[in-house]
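In the block that follows, a single chain appears as structure tokens, in the form predicted alone.
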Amino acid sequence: MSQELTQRLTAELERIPLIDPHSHINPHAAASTTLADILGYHYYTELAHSAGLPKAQIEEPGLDPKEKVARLVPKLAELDNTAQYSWLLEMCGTFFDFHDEHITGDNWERLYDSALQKMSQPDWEEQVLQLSGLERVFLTNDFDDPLEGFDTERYVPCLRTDDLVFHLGKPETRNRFQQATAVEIKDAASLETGIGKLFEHFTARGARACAISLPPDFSPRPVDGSVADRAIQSLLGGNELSSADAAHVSCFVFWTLAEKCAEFNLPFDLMIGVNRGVYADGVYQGQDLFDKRTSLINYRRLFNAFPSVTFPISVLAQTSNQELVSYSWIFPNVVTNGHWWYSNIPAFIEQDCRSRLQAVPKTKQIGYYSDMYKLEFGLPKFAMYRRILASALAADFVIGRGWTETRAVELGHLVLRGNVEQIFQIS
């Protein structure tokens, strides 16, 4: 394959302004303030911990940001083979004019000071967005987020519903729900009414999706109102729910969310397959893993019941990608969505990207999202994906099928941006 061809396609893809359809950005503090915000990203803390750095040294209460970086830097030499380390160097080169081949005990303080100087500039957030080519970034908003004090055109709200589906049994969740909706949960009908008010609040402020992260064994189904009432009454009585009643409540809430997505014309992002707390002693956000018992067959009833709802699907395990491709191949309302978490390394992205491009209608693929917590990570993550996408377009379409470069770039544009605009109704 021609390296020059791939480089030309990459250059064209880099011209495309991006909409990031899933992140964990705090819109009130989107960019980093010190290098510790970057090295504190869970990818680096969990890898450093895996390589032997004690958790207590990473998560010591009140730890000074510079001291945290000083503790993490010695472990970077053991991580320099990873994709995550390449992201770090790419960020440091682009944002902080740091072009050394490695971050070491001899140069990290110079890097830290340079980063601090740049991040202290009042327009740092704007600089990051421009250098990254990002126009809009989707958020992950708690259901009781007031959605105030930020530009909802730039930072697009998204209703995250994990707590409602899986933690309604906690009094604090119900209290938050009542404060957000002015509805006290008394039965299934009042719960449904309150959920409707959440959708009214979010859509009035520009929300473009509802989203949830789901465990491997969850199997959504409709629940009769009387069955839901009985389970909710038990919950309100302070009783420990049986596994059956807990499932009734979760499924009732989830199914109601799907009904509201249909009513309010919102896509329902499903991130499927995370098993929480597998490594109980792991660092923050470094405890969860995928589970190969995950199967989309659990969602067949949902996909059949809501043909008008678009379901952008992310799977945590690369081994689940073929199943996702097959479901998107068959179901009109199932869309492939990004390369999530443990699948977000080049070797897995390449295989998954190529299989989707070869098998799924081109209008049903959301190529990538950053999943980032700080704005700086959009640049290296999307750059990684664009290089892989350009390579796939070169090998499989320009060389493999005789497409023109213009046609290949048009496909790349659709996957990178066009489908995001269409599926999430971004004008």
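It should be emphasised that the depicted structure is a prediction, and the values quoted were computed from it without experimental measurement. When you see a residue number, it is the position in the sequence shown, counting from 1.
Missing here is the form predicted in complex with a further copy of the same chain; even so, the following discussion is about that form.
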Would you kindly say which of 129, 271, 251, 289 lies with a heavy atom within 4.5 Å of a further copy of the same chain in the model of the complex? 289
Answer key: of 230, 167, 276, 221, within 4.5 Å of a further copy of the same chain in the model of the complex (heavy atoms) is 276
Per-stretch contact check against a further copy of the same chain in the model of the complex, the hit in 178 to 186, 292 to 300, 221 to 229, 263 to 271 (non-hydrogen atom, 4.5 angstroms): 292 to 300
May I ask you to state whether residue 139 is within 4.5 Å of a further copy of the same chain in the model of the complex, using heavy atom distances? no
Contact of residue 357 with a further copy of the same chain in the model of the complex (heavy atom, 4.5 Å): yes
Is the gap between residue 346 and a further copy of the same chain in the model of the complex 4.5 Å or less for some heavy atom pair? yes
At the 4.5 Å heavy atom threshold, is residue 66 in contact with a further copy of the same chain in the model of the complex? no
Is it true that 80, 326 and 350, all three, sit within 4.5 Å of a further copy of the same chain in the model of the complex, judged by heavy atoms? yes
Suppose contact means any heavy atom within 4.5 Å; which members of 388 to 427 contact a further copy of the same chain in the model of the complex? 397, 399, 401, 403, 404, 407, 411
